[in-house]
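What follows is a single chain, given as structure tokens, in the form predicted on its own.
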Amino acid sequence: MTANLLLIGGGHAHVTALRWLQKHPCPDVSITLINPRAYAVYSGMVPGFVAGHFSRSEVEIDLGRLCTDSGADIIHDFIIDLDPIRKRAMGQSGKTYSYDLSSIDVGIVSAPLSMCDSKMDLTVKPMSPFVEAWAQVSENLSGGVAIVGGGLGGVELAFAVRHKMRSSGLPDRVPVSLVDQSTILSASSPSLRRTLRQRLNAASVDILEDTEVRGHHDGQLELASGRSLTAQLILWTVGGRAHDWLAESGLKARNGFPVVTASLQSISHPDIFIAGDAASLPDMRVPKAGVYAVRQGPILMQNMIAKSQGAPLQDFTPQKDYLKLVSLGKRAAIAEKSGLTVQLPGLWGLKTWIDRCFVQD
């Protein structure tokens, strides 16, 4: 009997899961991918897109072609409700999708504390809507930009925004601010922190740490201290929360994120798998970084097929460290691994080659 496998979301784990399926066809399963768009944005190229180095088409993965090549169906819809007891998901279209096994890879939602001028407050995740919106708002950045959230993603965006401004002829007196409620790059190695701070200063990016945001009105970012920053546009990368429908699904969760076993199964509903940033792996320290989702994909697909056949499942073992290639706005990058930071002329080319290979695979 053919098992009905439902993939919810076009995240990086589902992309690599379907690519694994291309090379290992399984006639005993019927697979359907549900995603709002016909494409998925590759997160590693978003800073380069913001800086103006890549077009939208260059950072998008064609999910339709991927599904065709892997023997899966694709439906364009946005899931708004999940019933793990009845094994069905409801789409924004009003349609209901039943499944035998399901996998969820929908990423997270950047979680702003306040969004008053919604058109000029962009949550960076999910990235597909952000990429679409950036193409419009980036035409005029003369009112200043603030990035809220000082992790690696926020830092790369700060570099990218400054480069975009300079390329557009805007002077450095137009402010680019990086705001964090604690310390920027707190999860990065000391050598990477030190190097990136120096680069941020050289790029005329204002760093505000231990600073909480209270609101955004009339081109001013209001801080808890009573101070305000000039920023017509706000990019929110801070924190992250689960999609509402996922947090309210009844799956056992921690902070809204479903808790999974090492085999990527929900600990409360083993017929549901969760991968990427949407999952919480309580016994493993796994940062919410795309590299882990990419490597979960093949194991995820193999485990879903094995589950449908009653076969043993395998565990996902995250690597302890990985090579970080950090873009610097202009066509340059630095690399860090195991606490060692390296600056070489060819790193931008290496990063671009790796990113393009992933998108075009």
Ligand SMILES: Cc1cc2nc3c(=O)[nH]c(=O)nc-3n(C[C@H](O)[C@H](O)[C@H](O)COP(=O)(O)OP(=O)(O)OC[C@H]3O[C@@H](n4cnc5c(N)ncnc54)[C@H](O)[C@@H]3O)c2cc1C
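Remember, it's a predicted structure, so these values are computed and weren't measured experimentally. So that there is no doubt, residue numbering starts at 1 and follows the sequence shown.
The protein also exists as the form predicted in complex with the ligand; that form is not presented, and the subsequent description refers to it.
- Message: Does the ligand, in the predicted bound form, lie within 4.5 angstroms of each residue among R162, V174 and I334, using heavy atoms as the measure?
- Response: The answer is no; none of R162, V174 and I334 reaches the ligand.
- Task: Taking 4.5 Å between heavy atoms as the contact cutoff, choose which of I299, I305, A40, C67 touches the ligand in the predicted bound form.
- Result: Checking each option against the ligand in the predicted bound form, the one that comes within 4.5 Å is A40.
- Item | Partner-contacting position among G107, G144, G240, G149 - heavy atom within 4.5 Å of the ligand in the predicted bound form | In short, G107.
- Item | Location of the ligand contact in the predicted bound form, chosen stretch of 121 to 129, 163 to 171, 176 to 184, 258 to 266 [non-hydrogen atom, 4.5 Å] | Careful reading of the contacts points to 121 to 129.
- Query: Is L281 close enough to the ligand in the predicted bound form to count, meaning some heavy atom within 4.5 Å?
  - Reply: The answer is no: L281 has no heavy atom within 4.5 Å of the ligand.
- Exercise: D100 in contact with the ligand in the predicted bound form, heavy atom 4.5 Å: Taking the distances in the predicted bound form, the answer for D100 is no, it never comes within 4.5 Å of the ligand.
- Is there a non-hydrogen atom of A247 within 4.5 angstroms of a non-hydrogen atom of the ligand in the predicted bound form? Outside the cut-off, so no.
- Answer yes if any heavy atom of A133 is within 4.5 Å of a heavy atom of the ligand in the predicted bound form; otherwise answer no. A133 lies outside the contact set for the ligand.
- Item | Residues in 133 to 167 with any heavy atom within 4.5 Å of the ligand in the predicted bound form | In sequence order, G153, E156, L157 come within 4.5 Å of the partner.
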